[in-house]
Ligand code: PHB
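Before any questions on how it binds or moves, here is one chain, the form predicted on its own, in structure tokens.
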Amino acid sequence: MTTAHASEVNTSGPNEFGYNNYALGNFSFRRDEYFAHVIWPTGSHTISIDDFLRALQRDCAWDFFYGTVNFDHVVGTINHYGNVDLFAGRFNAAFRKAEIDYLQNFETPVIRNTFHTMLDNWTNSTFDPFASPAETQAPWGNKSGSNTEAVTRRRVAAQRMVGVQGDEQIRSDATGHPINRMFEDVPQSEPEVHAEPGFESEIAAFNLFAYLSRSNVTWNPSVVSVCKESLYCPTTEEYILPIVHGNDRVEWFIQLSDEITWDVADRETGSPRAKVVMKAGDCAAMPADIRHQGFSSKRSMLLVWENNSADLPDLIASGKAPQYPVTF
């Protein structure tokens, strides 16, 4: 395994479809009217461009997230928090058996710069990879403008809690958005807070359902509260989670509204483990040795509770921290 250190973006183009081609270490990327083509020294893979852009958008927005982001059953990334593996076939038994799997490690700025540049160049003006299919036009065809504003949305992240002194701007940003078409029945009233004198900067409250009802993105957790390494990251979900997330820590899910079905599989092999149907009020824990993908027919609200500690993967690997939150 090699590690790439240079931070410049290696690009050529435009190709015959108007899009730039990209090289990242020993990987290369090319898009046409319908597909993204990923090539590496021992093989190649083709992904429908809508699926690829939706997955690439999340990998960019989450800065490679926790653990593994599988774009599909072949291509994805593994975050090592300072450097990132880009892989093809790493978690695919058939690719590994045929010895055509490949992995290369990159310093985070290297892969980040390439992915952000490619996402901007390959996204046409009418397509929003953060939106549900019903809320955006198709990404097909030759190069036609860009949608930089959509693909560079700032991920909302409170430093303490939404509404607390210092995070007012996050609150005002959220209430500046219109209510989503599927949340028109969500009450918008806000709680009253009467703090004792001297505690005005310490006591706050807000209507989380109203906050989420105005989200114009899907499958993109914001951070609404921070307590040391404990993060509350709610999100709105519609259609299909564009990636298959391979955990490197336990994630807690609390279904706030409607329903999500989760396909849960072994992180390494992809062998099915469970199908979890979560309805409003349900709570589930996703262990540190699985991968999961969600499906939501109606836009729903989900609270994801994360432990943000970068030490967790090593603690779990060494056996000092459990892969499961409880042993029955």
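The structure presented is a predicted model; accordingly, all values stated were derived computationally and were not measured. In this text, residue numbers run from 1 along the sequence as written.
One more form of this protein should be noted, the form predicted together with the ligand, which is absent from this view; the next part is about it.
Of the candidate stretches 138 to 146, 251 to 259, 99 to 107, 79 to 87, only 251 to 259 has residues with heavy atoms within 4.5 Å of the ligand in the predicted complex.
Contact between Tyr211 and the ligand in the predicted complex is not found at the 4.5 Å heavy atom cutoff.
The ligand is not drawn, but in the predicted complex it has no heavy atom within 4.5 Å of Ile49. Proximity of Val226 to the ligand in the predicted complex: non-hydrogen atoms within 4.5 Å are absent; the residue sits far from the partner.
Contact check for Phe295: every heavy atom lies farther than 4.5 Å from the ligand in the predicted complex. Of the residues given (Phe91, Trp122, Phe127, Trp219), Trp219 alone sits with a heavy atom within 4.5 Å of the ligand in the predicted complex. Leu241 is the sole member of Ala150, Leu241, Ala131, Val186 with a non-hydrogen atom lying within 4.5 angstroms of the ligand in the predicted complex.
Along 48 to 76, a non-hydrogen atom within 4.5 Å of the ligand in the predicted complex is carried by Trp62, Phe65, in order along the sequence.
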